[in-house]
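For reference, the chain that follows is the form predicted on its own, supplied as structure tokens.
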Amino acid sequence: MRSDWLAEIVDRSETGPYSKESEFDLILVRVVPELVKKHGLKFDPEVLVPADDDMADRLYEAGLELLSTTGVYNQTTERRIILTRDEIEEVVAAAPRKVVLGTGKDAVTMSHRGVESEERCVIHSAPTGTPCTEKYHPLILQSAAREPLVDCLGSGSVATYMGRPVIPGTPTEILAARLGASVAREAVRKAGRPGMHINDVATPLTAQGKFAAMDQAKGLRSSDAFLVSQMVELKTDYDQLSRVPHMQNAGMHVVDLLTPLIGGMGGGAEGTAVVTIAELLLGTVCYSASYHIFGHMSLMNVNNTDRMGLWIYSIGGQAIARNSPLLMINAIYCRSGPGTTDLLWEVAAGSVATTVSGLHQGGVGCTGGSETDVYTGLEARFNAQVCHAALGMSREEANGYVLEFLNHYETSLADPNRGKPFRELYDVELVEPNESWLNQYEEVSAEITTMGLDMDRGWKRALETSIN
């Protein structure tokens, strides 16, 4: 990749075709259905983990064609960044196939995973998209960092600083960003894992807020990462783009965050899958991402554990795994909350569908982020155990499990059980799950083991393989 690529992106942002944002949206609404039809993409609600290599390849081709047709919309300049197919393919081919996350004894190598791969998943954990209070934020992070199967930590977000609202672009954002980073560092230190990779401080919304969280001694380090986000759909701006050179100069990892909306401009499952592939390619070309958070969600329900969401995860993951070197982690957005068996079944379905389709694990978003402090480290433990039990599984077998898991929670998606906050599920002194929450976890784990997934030995085999 050329060393001056970012300067070229800026140049095209200033000279590309002018377009109102609504006009760009209309282009997407017109082009995406045409590509779905052209490439013969079809969602089957009974086959959520397709074993169809040809369709996965056609999906990749459709996403590549979408990005090279529409370009990227820069909201700052109101112009389209036009990219040729050859340019996109050149940059994607040069993307890293593996990255080292963290330092010292706590460092992990995250490598490209293939379809039906036996290579273990790297486990990222955080209160994904879920707000925390200042009081319980440190304990919530500790509950995840101390889980032995968790490899990397996301710091989550807090909406206040010293009880005051955090306002983007003001000193409160700077102060809150630095506090959030220090809380995450303290969480990994208390867990006895000081070198653990931290993938973002989500409290700040501006570039200046993100940069304030960088501090080798007490904040995020060069071994850590910040998110660079895409706006819905296929959009960026100078605030997001400006984060990239700063992070590159600091030696940090860039994480591309994409959240295509099912029911948005991509339409249904097939169109949203096409947009997803295009956005994964966008994050590679414009952001030089180390890895990508594949985080689509329903426009109506803010989850991806329904049939459409699971299908997009599977076929989209396979498309990228088969046709590129890109590294992906999921973000399992659930309707239910902790302290419910529904949540565990949602996590189980998302874990299996993504593991066999080439993704690593990126964390659980309880209640679609609608409640505060509704996250615990036990979900991360469960997520890790399920995905490791699914390593090397065929897609046909995985589809059977996912459909079976759906039977346990699908009827509750319309009216989900929001569960309980952290303080009601954990002993806040010991930072350990209480008996009630543990019993639910053990109940579902035992049922899954009875189905044939080895919850007790799967993760041990994965670790043994990685060591050998």
Partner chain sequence: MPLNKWDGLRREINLGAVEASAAEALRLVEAGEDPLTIFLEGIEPCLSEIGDRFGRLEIFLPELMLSADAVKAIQVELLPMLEADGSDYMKKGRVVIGTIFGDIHDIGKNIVSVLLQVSGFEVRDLGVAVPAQDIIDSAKDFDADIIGISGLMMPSLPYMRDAISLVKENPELADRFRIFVGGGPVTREWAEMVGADGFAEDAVSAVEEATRLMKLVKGESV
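The model shown is predicted, which means the values in this text are computed figures rather than measured ones. Positions refer to the first chain, counted from 1.
There is another form of this protein, the form predicted in complex with its partner chain, and it is not shown here; the text below is about that form.
**Q** Answer for residue 213 alone: is it within 4.5 Å of its partner chain in the predicted bound form, judged on heavy atom distances?
**A** It does not: once its partner chain is placed as it appears in the predicted bound form, residue 213 has no heavy atom within 4.5 Å of it.
**Q** Using a 4.5 angstroms cut-off on non-hydrogen atoms, would residue 372 count as touching its partner chain in the predicted bound form?
**A** Residue 372 belongs to the contact set for its partner chain.
**Q** Is it the case that residue 29, even though its partner is missing from this view, gets within 4.5 Å of its partner chain in the predicted bound form, heavy atoms only?
**A** Residue 29: contacts its partner chain in the predicted bound form.
**Q** Examine residue 447 and determine whether its closest non-hydrogen atom to its partner chain in the predicted bound form is within 4.5 angstroms.
**A** Heavy-atom contact with its partner chain at 4.5 Å: absent for residue 447.
**Q** Scan 194, 114, 148, 268 and let me know which has any heavy atom within 4.5 Å of its partner chain in the predicted bound form.
**A** After the contact test, the surviving option is 268.
**Q** Among 94, 100, 250, 167, which has at least one heavy atom within 4.5 Å of its partner chain in the predicted bound form?
**A** Among 94, 100, 250, 167, a heavy atom within 4.5 Å of its partner chain in the predicted bound form occurs only for 167.
**Q** So, a 4.5 angstroms cut-off on heavy atom distances: do all three of 131, 232 and 300 pass it with respect to its partner chain in the predicted bound form?
**A** Every residue of the candidate spot has a heavy atom within 4.5 Å of its partner chain in the predicted bound form.
**Q** Looking at 260-268, 86-94, 385-393, 311-319, which lies within 4.5 angstroms of its partner chain in the predicted bound form, counting heavy atoms?
**A** Checking each option against the 4.5 Å cut-off leaves 260-268.
**Q** Going by heavy atoms, what in 88-104 lies within 4.5 angstroms of its partner chain in the predicted bound form?
**A** Residues within 4.5 Å: none.
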